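Presented below, as structure tokens, is a lone chain in the form predicted on its own.
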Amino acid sequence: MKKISRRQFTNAAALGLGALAIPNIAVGAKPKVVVVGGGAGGATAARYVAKDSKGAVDVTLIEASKRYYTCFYSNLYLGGLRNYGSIGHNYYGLAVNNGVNVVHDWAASVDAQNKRVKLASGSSVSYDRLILSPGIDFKYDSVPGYSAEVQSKMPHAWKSGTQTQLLKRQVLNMRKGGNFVIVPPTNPYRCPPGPYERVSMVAHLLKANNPKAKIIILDPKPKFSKQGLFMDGWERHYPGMIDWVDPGAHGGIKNVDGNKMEIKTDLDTFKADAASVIPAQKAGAIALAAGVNDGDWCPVNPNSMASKADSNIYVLGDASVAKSMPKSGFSANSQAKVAANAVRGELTGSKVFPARYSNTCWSLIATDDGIKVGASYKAGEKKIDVVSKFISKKGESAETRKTTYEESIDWYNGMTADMFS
């Protein structure tokens, strides 16, 4: 039987040539792992399965985007501390250095019974193990009046991509002394400190370009991650600029109007010159289509990240119910290594090590003023359990805060190398 090269397969998949789908070639040769989603979880999992199996496993990564822009550090782009190109990455290293078949296409559905992923192009890819790391989708109707159409006027900018650029342009074009209004999401959601780092970075941008502008946070939650640290930092760096309004005060979001740029609450109707509305979230659509969800998210076994609904499918990162771990890029990367070790062990008989996880969430409040929260974890009987944890303190020295920010730079560089090199 004629062998088909990676390049031929990738091109064929992109063109929708179903005759070249993996089940028709080299049947019964190497075990096959398919990874859906090329972010912090998926790219890491694909790389580690391919690299550590030393060619014993065929790995295919399905990711629609040819260039991946990280959500982590996108707030720093908003604040003017990074350029947009610096948070973009390609899949060259995964394909060339690690032998991963990178297919730029949408995963449309999963046939779990026959172990096959159908692509939007019409082709399909078979698997022995499937790793899903699709990130999030949105529950637009969780915010009355919000929709996929309204997001162009009030961007959520909560996925990697051009919405972040749109939001920055809108902030820079605000009238002098105008209002930036943000509606954070309800729990649980991607990157718990993220909306409040966004506030900090928008304030950083406005302080330099529109110092009389106001930022209004209409929060659906009575508290948020690192609240004391953020509020202390806002008072020090942006006094009088930021108002956090809790649900007890505003009474709930009643409607958003993208045409009028208004957000109505029981307290008042807030007029925005620029706005970011971040709706409630759920696991990416392909995870729900695969039937491994329980409601909006996907329960997993804590010792491997294998789905509790299907032992041949693993779910990583934001889409998973990894209790105790936040939905962050660091978490997804950590979970990917556990899953890759488990998958490789199942398919090749190699040693499987006990599951250990870690996470740190860095946030930047102002130039060189970085804070962090994090923990280490282990697999418990029913869930992922915290072993130890840490958080920055109020009153830390400027040197400590600068060191914390520099740690985040080193982490970003190391993390993206771990994903894509």
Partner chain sequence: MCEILRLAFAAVFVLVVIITIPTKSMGADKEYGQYLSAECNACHAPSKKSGAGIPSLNGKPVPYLVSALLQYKNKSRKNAVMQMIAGRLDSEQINALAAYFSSLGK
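Numbering follows the first chain given and starts at 1. For clarity, every value in this text was computed on a predicted model and none was experimentally measured.
Form predicted together with its partner chain: not shown, discussed below.
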(request) Examine residue 341 and determine whether its closest non-hydrogen atom to its partner chain in the predicted complex is within 4.5 angstroms. (result) yes
(request) Look up in the predicted complex whether residue 175 has a non-hydrogen atom within 4.5 angstroms of its partner chain, and give yes or no. (result) no
(message) Under a 4.5 Å heavy atom criterion, is residue 359 part of the interface with its partner chain in the predicted complex?
(response) yes
(message) in the predicted complex, does residue 129 come within 4.5 Å of its partner chain, counting heavy atoms only?
(response) no
(request) Given that the partner is absent here, state which listed stretch (246-254, 283-291, 331-339, 89-97) has heavy atoms within 4.5 Å of its partner chain in the predicted complex. (result) 331-339
(request) Decide if the three candidate residues 375, 407 and 417 all line its partner chain in the predicted complex, where lining means a heavy atom within 4.5 Å. (result) yes
(request) Give, in sequence order, every residue of 38-54 that has a heavy atom within 4.5 Å of its partner chain in the predicted complex, or say none if there are no such residues. (result) 48, 51, 52
